[in-house]
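Shown here is one chain on its own, the form predicted on its own, set out as structure tokens.
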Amino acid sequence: MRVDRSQLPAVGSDPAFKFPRIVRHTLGNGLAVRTLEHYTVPVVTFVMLIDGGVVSDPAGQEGLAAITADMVDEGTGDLTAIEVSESLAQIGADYDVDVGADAIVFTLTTLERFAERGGGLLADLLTRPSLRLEDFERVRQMRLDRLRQLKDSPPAVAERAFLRLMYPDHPYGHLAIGNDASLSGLELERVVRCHRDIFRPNRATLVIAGPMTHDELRQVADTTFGGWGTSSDPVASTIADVAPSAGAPRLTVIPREGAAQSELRIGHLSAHRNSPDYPSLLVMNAVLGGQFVSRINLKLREEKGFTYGARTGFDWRRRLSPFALQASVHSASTAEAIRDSFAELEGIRGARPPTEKEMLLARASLTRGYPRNFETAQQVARSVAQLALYDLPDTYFEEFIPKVNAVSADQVVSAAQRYIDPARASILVVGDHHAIADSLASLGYGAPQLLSADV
């Protein structure tokens, strides 16, 4: 049968997506457990989500949660950091820790036959870390060295400064790694107290996925984490919601003399992760700047040639989250890139509603490859941890594709009108101030506020 290669194949309907059944348990010590049967390969993944990421850092001790999490695999009992690494290697385990805005997430994946050994080792690390002084001083120095490296990275400098602009008086306003002053002043005693206060079963959720029954997975959880001390103390919320800041500077510049490019951030606080408008926001972002064929990228890269790539997105948190456009553009094009970006932000709000083709591409970018996110036990377990983090229903993943496909162009425009306000957007530029000052003045946003890279 001849194939007509001059025509793209017809796009069919999305196949039904079935997510593994989630079963919830609670251990005697109060630890919440969610299990998933996943039989594709003989591996088991443990994901432990602990409330208390960046947002739990006290003022002046930024980076505390992250360095505490980093200390966990530096030893347990008589085991040194090297011996812990060897123990993980002996069972073919993959170990990872991620410190986010609202939680710390530990992941360990190992072979099914080592499920109890792997879970037991993770339990030892999380509940009985050595927290030795020599390890602490080494880890702290490594983080201080990393901070110095980040100062030479315009994207890292922009990210750090933009968070501070968005959250000037909120714990969300700093990177997980902290800053020079806070890390230099941290002492091991404070790390020990942080571990004692945060690492408790009543503020944690354990997700286990693997080729075992729900009862068997629960038994593994009980065997490995059932001895974690019971904590009946109520968990006081450390997360205050945040209102959009009316006092954020309109235009901020971090001078970087001689820079050939300007690192741009344009945005403001926008939406909550559990907003009922979430599907519309995703489609809106895909049209605007969330994929290669988005308006922002086609304008700044393909039409103007200002950048290798520009994108927009939400940095989701439990509370009010920022929406931002980011790009690195040639210095001489800085002002024009900002002007074009604002034109696209305005256009999506109604002046240029999404076309039928844009809507088709946007929905497809979100749904066509969606099942690929759940191929492995680790992907499945980490996804369920996100449900726990944002208090989303167990049916969320199966409902995602139908909800996205139901989003209309009118809903995209409505979402943009509600959650994107160019008049409130802050503009941050990391670049050669002397080279771009005159062109920035032509934008009409007034004199920029100048900040140092150490903001």
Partner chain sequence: MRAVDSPSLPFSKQTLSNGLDVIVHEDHHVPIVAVNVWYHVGSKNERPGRTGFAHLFEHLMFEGSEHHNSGYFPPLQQAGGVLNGSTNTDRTNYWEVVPTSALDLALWMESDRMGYLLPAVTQQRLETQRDVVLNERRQNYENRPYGYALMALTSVLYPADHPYHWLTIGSSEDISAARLDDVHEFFRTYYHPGNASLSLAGDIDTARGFELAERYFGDLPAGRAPEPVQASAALDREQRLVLEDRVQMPRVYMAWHSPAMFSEHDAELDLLADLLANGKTSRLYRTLVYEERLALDVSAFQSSRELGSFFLLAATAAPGKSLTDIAAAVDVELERVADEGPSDAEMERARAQTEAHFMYRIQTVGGFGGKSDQLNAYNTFRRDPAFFATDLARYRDATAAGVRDAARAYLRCDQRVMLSVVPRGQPALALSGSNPVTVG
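Throughout, rigid core stands for the largest set of C-alpha atoms superposing within 1.5 Å between the two forms. Positions refer to the first chain, counted from 1. These numbers were taken from a predicted model, which means no experiment stands behind them.
Quick note: we don't show the form predicted together with its partner chain, though the next part is all about it.
Under a 4.5 angstroms non-hydrogen atom cutoff, its partner chain in the model of the complex lacks Trp316 among its neighbouring residues. At the 4.5 Å threshold, heavy atoms of Phe306 reach its partner chain in the model of the complex.
Residue contact check for Thr376: one or more of its heavy atoms lie within 4.5 Å of its partner chain in the model of the complex. Residue contact with its partner chain in the model of the complex: Gly350 places no heavy atom within 4.5 Å of it. Of the stretches 167-175, 183-191, 342-350, 251-259, only 251-259 has residues with a heavy atom within 4.5 Å of its partner chain in the model of the complex.
Only one of the listed residues (Ala335, Ala156, Val242, Ala81) places a non-hydrogen atom within 4.5 angstroms of its partner chain in the model of the complex, and that residue is Ala81. Of the candidates Leu122, Leu282, Ala93, Leu269, Ala93 is the one whose heavy atoms come within 4.5 Å of its partner chain in the model of the complex; the others do not. Looking at its partner chain in the model of the complex, residues Ala59, Asp410 and Asp438 place no heavy atom within 4.5 Å of it. Contacts between 178-208 and its partner chain, taken as any heavy atom within 4.5 Å in the model of the complex, involve no residue at all. Arg128 is not among the residues whose C-alpha shifts by 2 Å or more between the shown form and the other one once the rigid core is aligned; its shift stays under 2 Å.
Once the rigid core is used as the reference frame, the Cα position of Ser331 differs between the shown form and the other one by 2 Å or more. Lys304: CA moves 2 Å or more between the shown form and the other one after rigid-core fitting.
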